[in-house]
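Below sits a lone chain in C-alpha cells, taken as the form predicted alone.
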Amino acid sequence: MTSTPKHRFMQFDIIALGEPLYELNQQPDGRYLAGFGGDTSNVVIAAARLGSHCGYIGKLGNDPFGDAIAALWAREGVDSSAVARHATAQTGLYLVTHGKGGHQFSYYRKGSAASLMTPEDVPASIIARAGYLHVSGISQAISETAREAVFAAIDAARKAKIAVSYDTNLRTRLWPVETARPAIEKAAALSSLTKTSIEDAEALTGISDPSEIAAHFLKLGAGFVIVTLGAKGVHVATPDRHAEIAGFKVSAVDATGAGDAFTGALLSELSRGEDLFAAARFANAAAALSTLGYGAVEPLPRRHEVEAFLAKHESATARDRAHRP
C-alpha cells in the first residue's frame, strides 16, 4: 500500500497523538526565540501548511504555554477538539542550543500533562474518521500510560482500517534501548508506514546498511519503510522495491524540525494519492526548506514554496544536462 484512498466519511487526512511542547531556541546572539515543538504536533502542522486537514489528540497544561500551543493549532488550522487541558500538570518545555556538533536539546517535561495520557483518553471514533494516524517512539517513551495510549490508538486505527504512520524517534534519555526496542518493534510491526533514521535503526538493530534496515522492519510487518539518511536523503522500501531518494543541498541553519517536516510532507502527499517514491522526493524538499530558519515550526514551508523550490531545482538540473559534453 503506498497511499490511502479518501472516503466520504473522512474527517481528517491525518490525525496525530503525542506530546506537544513549548520551545526556546538559542539564537546566534545568545538570546532565546520562543517557538513550538513536539514531534507529532510538528508533523500535523507541517501537513496542514501543505493543505491537509489535520487533527491532534493529547493533553496540555492549563498554563500560558498550553494556551500558546492551542493558539498555534488554531492559527495553523489543526483541529484540537480531542486535546484535553489538565488542571494541575504543566505543559512540557524544551531548550535548543547550537554548537559545533549541531543542535542539542534540554527538556523540562517530567510529569507533563501529555505524559499523563492513558488509553481512556484515546477517542477511537475520531481516529476512525482519519486517513492516517501518526504516532511515535517519543510518545511511547514519556510514560507507561502514554505508551499504552499509543497502542490503544494503533489498535483503534487498525480496527477501523485506518493507515498507521509510525516514527521510531528513539530518545535514550527518555528510555534505554533495551526497554525501547520491544515497544518500538511492536509498533513498527503494526504500522502501514514506519519511518526511522539510520542512527535510530543502528542503535535498535545493530544494522547500519539502509537496505538491510528497511528489510528488517518489512520483515517485522511494516507495510513500507523510510530510512532517513540526513543530508543524503532517504531510503524508501516496499516489499517489491527499494530506492534511495537524494536530498537537496541548502545552507541549513537549524535542522531541529527537519525530520518532522519530512514526515508531514510525506503524509500530506500520500493523502493526496501520490506515489510513495514521488512523495518522498517532495518530502525531502520540504525538509530541506525547513532547515533555513530557527525552530521546529516557524520554518515549515507552504506548498507553493516547496513546489517553487522543486521547479527551480528541476530547471537547474535540466540546464546542467544541456551543457554537458
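We number the residues from 1 along the sequence you see. Note that the coordinates shown come from a computational prediction; the quantities given were computed from them, not determined experimentally.
This next part talks about the form predicted in complex with a small molecule, which is not shown.
> State the residue from V234, V135, I127, A114 whose non-hydrogen atoms include one within 4.5 Å of the small molecule in the model of the complex.
Residue within 4.5 Å of the partner: V234.
> If the cut-off is 4.5 angstroms on heavy atoms, which of these, A84, L72, A255, A183, is the one near the small molecule in the model of the complex?
Of the listed residues, the single hit is A255.
> Please pick out the stretch from 217-225, 191-199, 94-102, 153-161 that is in contact with the small molecule in the model of the complex, where contact means heavy atoms within 4.5 Å.
Looking at the partner contacts, the answer comes out as 191-199.
> Can F262 be called a contact residue for the small molecule in the model of the complex at 4.5 Å between heavy atoms?
Yes - in the model of the complex, heavy atoms of F262 and the small molecule come within 4.5 Å of each other.
> Are any of the heavy atoms in G230 no more than 4.5 Å from a heavy atom of the small molecule in the model of the complex?
Answer yes; at least one heavy atom of G230 falls within 4.5 Å of the small molecule in the model of the complex.
> Any of the heavy atoms of N284 lying within 4.5 Å of the small molecule in the model of the complex?
Yes, N284 sits close enough to the small molecule in the model of the complex that at least one of its heavy atoms falls within 4.5 Å.
> Are any of the heavy atoms in A288 no more than 4.5 Å from a heavy atom of the small molecule in the model of the complex?
A288: contacts the small molecule in the model of the complex.
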